[in-house]
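Only one chain is shown below, in structure tokens, and it's the form predicted alone.
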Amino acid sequence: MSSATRYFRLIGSLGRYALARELSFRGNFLAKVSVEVLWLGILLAFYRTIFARTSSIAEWSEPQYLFFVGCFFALNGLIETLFLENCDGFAELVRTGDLDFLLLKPIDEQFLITCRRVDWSTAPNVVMGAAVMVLSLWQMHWAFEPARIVAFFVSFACGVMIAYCFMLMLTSVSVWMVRNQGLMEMWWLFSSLARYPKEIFSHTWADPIGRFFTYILPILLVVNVPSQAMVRILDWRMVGFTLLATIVLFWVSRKFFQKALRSYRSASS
């Protein structure tokens, strides 16, 4: 069995186990899903109220911005489903010494630590976000363009990986700080930045902030580039830059994570 096939089988097994665990407490599962549905409803109502008083936000029309919101919701839902719970619990593994047992497994440590649990209660966010994107495309009478679809899926995948890399680096710091409450609050700050078009920072005093979070810490690329490619301007240079940023960030975050593990002192030491 190839290494890639092995990991895909492991993800499937872990996902089935997590789903069985979630469905054993159906009331709690439905409550968490209801919260996510309510949050999307409030978000859409908020932007609908804004567009009732203006025709565009930072040069984005209402259908285009609706696509942006759906893209953010789907991407964020994917991150929360696959990685957030695992990264949030890393500090507890370090504090209790339970990380020792994971490091002894005959599998890549980064994969096991960041992918061992699947939070199915946030998985509907991906479906709801996709539904919002489809609705927005229907509203703007979007014409089918294969190049835009390719650019969207490539940059969307890169956006997921960029967000994962930032989360991984913040998580890794828990080895030295033990508690990561402040670090995860910083992650929410990053995710809040990704929620808005980068154009809102242009031609204002905040322009340096927009450039910093586009080209230095490229968190603004996560949602902006796939949304831009699909419903506004297809800029292959930005798609290429996003791909390059993803490769660099993945290498840096993995090296940083491995350095953190080398600094870890087990519960028995």
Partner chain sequence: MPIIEAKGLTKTYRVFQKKDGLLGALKGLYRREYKTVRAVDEVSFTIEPGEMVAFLGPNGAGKTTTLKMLSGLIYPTSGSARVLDFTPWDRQDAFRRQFALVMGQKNQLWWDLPASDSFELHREIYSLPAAQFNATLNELTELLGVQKLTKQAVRELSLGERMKMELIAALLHQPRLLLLDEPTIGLDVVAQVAIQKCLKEYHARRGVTILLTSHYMRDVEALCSRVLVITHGKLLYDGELSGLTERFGDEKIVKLEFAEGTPDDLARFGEVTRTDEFTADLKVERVKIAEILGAILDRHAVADLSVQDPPLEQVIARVFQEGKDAHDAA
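Residue numbers count along the first chain shown, from 1. Quantities reported herein were computed from a predicted structural model and do not represent experimental measurements.
A second form of this protein, the form predicted in complex with the partner chain, is not displayed here; the remarks below concern that form.
- Contact annotation: the partner chain lies within 4.5 Å of heavy atoms from the stretch 103 to 111 in the model of the complex, the single such stretch among 103 to 111, 155 to 163, 194 to 202, 131 to 139.
- Although the partner is absent here, residue 254 is not a contact residue: none of its heavy atoms lies within 4.5 angstroms of the partner chain in the model of the complex.
- Residue contact check for residue 116: one or more of its heavy atoms lie within 4.5 Å of the partner chain in the model of the complex.
- Mapping the unseen interface onto this chain, residue 261 counts among the residues with a heavy atom inside 4.5 Å of the partner chain in the model of the complex.
- A residue is said to contact a partner when one of its heavy atoms sits within 4.5 Å of a partner heavy atom; residue 18 meets this definition for the partner chain in the model of the complex.
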